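Starting off, we have a lone chain in the form predicted on its own, written out as structure tokens.
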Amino acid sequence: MVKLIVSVNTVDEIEKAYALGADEVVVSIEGASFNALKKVKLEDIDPTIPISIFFNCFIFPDIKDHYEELFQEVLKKKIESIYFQDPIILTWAKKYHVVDKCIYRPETLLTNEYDAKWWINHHLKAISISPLLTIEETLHILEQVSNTECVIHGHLMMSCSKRYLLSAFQNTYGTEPLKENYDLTIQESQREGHMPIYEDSNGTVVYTDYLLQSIEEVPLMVEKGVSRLFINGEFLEEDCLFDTILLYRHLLNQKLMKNDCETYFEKYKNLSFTKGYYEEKTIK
């Protein structure tokens, strides 16, 4: 069975996401998650409810002991999946016997079948394919590699940096504090779109100005053997996130009607939905 995964911003959204048809719900925890999801405190997570987490910060040698202790604390929860990108997580996962819960998600970097096979051969739960590929490239990897996940909806992370870029701008131009502000965007000189940008203690992340939608592509992914489909919750209002879960749940259950799509896209016509890079390579 193909699983529908969704990332949420608050602990209050977890049960509702499950009720609407999510098979797994993912949160970002304070101190260990590097993205623009709102961070939740580990102690606020109900230990009886299954939950998945992003443990995807960059871990340097001088702070690895702190993060290993935090990793052990995470394992006291009812963890379904652990999303990571730093290879040291695989070392700890082997040490604490949770490799089968780990999903390698380096955002934009996993772009070919060879990398995917190398990681999946370490007996991980899954690998997450870069969403910045054409649909043909994505389907090829799905045919070659088992236990795969595709991001199918939401703002896509375009870049991340350990540098505090917004703070540097603030210090240079004397602006108000820009750290942990969810209302900021940047614009490239030759593009009209405004890309969300966010900085916290882990660094700075930049997202696409558009929202990926994959209504037509999901059946193709399922046919080629995808295991998991992921909805990104960053910068999505709660109602939109919940409607999105329901839309894809109906699609996977083959209950999606044409008017369901029309109603959804009309309701959120102010958002910039596109096919992303499904039909156009990032590098020509």
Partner chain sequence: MRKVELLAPAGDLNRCKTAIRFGADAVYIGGQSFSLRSRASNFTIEDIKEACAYAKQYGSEIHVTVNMIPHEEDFEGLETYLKTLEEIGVKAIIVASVSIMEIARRVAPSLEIHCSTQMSITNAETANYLKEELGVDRVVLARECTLENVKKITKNTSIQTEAFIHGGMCVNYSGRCTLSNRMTLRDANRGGCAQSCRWEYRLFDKDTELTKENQWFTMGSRDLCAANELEELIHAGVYSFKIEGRMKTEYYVASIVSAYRHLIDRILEGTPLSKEEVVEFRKEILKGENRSVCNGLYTNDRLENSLILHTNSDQDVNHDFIGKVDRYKENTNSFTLKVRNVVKVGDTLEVLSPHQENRIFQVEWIKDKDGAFMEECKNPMRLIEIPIPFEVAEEDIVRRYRP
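Residue numbers count along the first chain shown, from 1. Keep in mind the model is a prediction, meaning the values are calculated, not measured.
The form predicted in complex with its partner chain exists for this protein as well; it is not shown, and the discussion that follows is about that form.
- Contact annotation: residue 119 falls within 4.5 Å of its partner chain in the predicted complex, judged by heavy atom distances.
- The shortest heavy atom separation between residue 188 and its partner chain in the predicted complex is within 4.5 Å.
- Proximity of residue 72 to its partner chain in the predicted complex falls outside the 4.5 Å heavy atom cutoff.
- Contact annotation: residue 224 falls outside 4.5 Å of its partner chain in the predicted complex, judged by heavy atom distances.
- Residues within 4.5 angstroms of its partner chain in the predicted complex, judged by any non-hydrogen atom, belong to 54-62 and to none of the other stretches in 54-62, 243-251, 215-223, 25-33.
- Just one of 151, 141, 126, 93 comes within 4.5 Å of its partner chain in the predicted complex, counting any heavy atom, and that one is 141.
- None of 135, 184, 98, 79 but one reaches within 4.5 angstroms of its partner chain in the predicted complex through a heavy atom, and that residue is 184.
- Contacts of stretch 88-124 with its partner chain in the predicted complex, defined by any heavy atom lying within 4.5 Å, are made by 88, 90, 91, 94, 106, 108, 109, 111, 112, 113, 114, 115, 118, 119, 122, listed in sequence order.
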